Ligand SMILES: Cc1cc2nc3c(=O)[nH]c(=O)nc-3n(C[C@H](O)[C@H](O)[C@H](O)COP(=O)(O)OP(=O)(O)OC[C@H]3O[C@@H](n4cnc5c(N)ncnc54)[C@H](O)[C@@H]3O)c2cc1C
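As structure tokens, one chain now follows by itself in the form predicted on its own.
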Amino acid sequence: MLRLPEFNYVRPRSLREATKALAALGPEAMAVAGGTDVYPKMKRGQFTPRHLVSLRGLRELKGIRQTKDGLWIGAGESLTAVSRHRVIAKRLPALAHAAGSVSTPQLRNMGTIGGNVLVDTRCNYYDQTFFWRQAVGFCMKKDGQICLVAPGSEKCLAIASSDTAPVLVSLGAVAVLVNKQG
């Protein structure tokens, strides 16, 4: 059984606190909301943060509401909530379908729309345990010099696996990013 490595769990009370914590902790920190991608990758040694900054309880990242510019969907909304929201189902059925097609009900209940849009790429060689990756000499995506999918390639060919990002792009969606400055 693979176990999570030790890490410090930071639980900010606001988005402002979260961005400050991420900035202060630097590259040794990662944000986590649903964790459906982060925790398995930590178990396999693909992600090695010393600190996880929780976005799970942040009210600023929750909600689905009509605005003068269109529909605002908080990055912290679960995929289930997005797939079942009546306005999304009526006005953006492709998005409701995409969110409802992700993995299993359990993962849709935990996983967030923000996490699905920003999900790490997938690769049959990279998505293995540390010991397996070490045995094959690692790959370009982490710790190696070669793409094992296409050894002659000068770049990593891991594929994007977001179910919702293509739909959001086709709808002309805009992502709002924040940092400690705003």
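Position 1 is the first residue in the sequence shown; the rest follow in order. Predicted, not measured: the structure shown is a model, and the values here were computed from it.
Form predicted in complex with the ligand: not shown, discussed below.
Problem set entry | Listed residue that, although the ligand is not shown, lies within 4.5 Å of it in the model of the complex (heavy atoms), from Pro40, Gly63, Gly70, Gly57 | Filtering the options by heavy-atom distance leaves Pro40.
Problem set entry | Partner contact for Leu95 in the model of the complex: the ligand, 4.5 angstroms, heavy atom | Taking the distances in the model of the complex, the answer for Leu95 is no, it never comes within 4.5 Å of the ligand.
Exercise. Heavy atoms within 4.5 Å of the ligand in the model of the complex: does Val102 have any?
Worked result: So Val102 counts as contacting the ligand.
For this session: Would you please decide whether Gly114 lies within 4.5 angstroms of the ligand in the model of the complex, comparing each non-hydrogen atom pair?
Result: Although the ligand is absent here, Gly114 would touch it in the model of the complex, with heavy atoms inside 4.5 Å.
For this session: With heavy atoms only and a cut-off of 4.5 Å, decide whether Ser14 touches the ligand in the model of the complex.
Result: No.
Exercise. So which residues in 118-148, when you check the ligand in the model of the complex, have a heavy atom no farther than 4.5 Å from it?
Worked result: Counting only heavy atoms within 4.5 Å of the ligand in the model of the complex, the contacting residues of 118-148 are Leu118, Val119.
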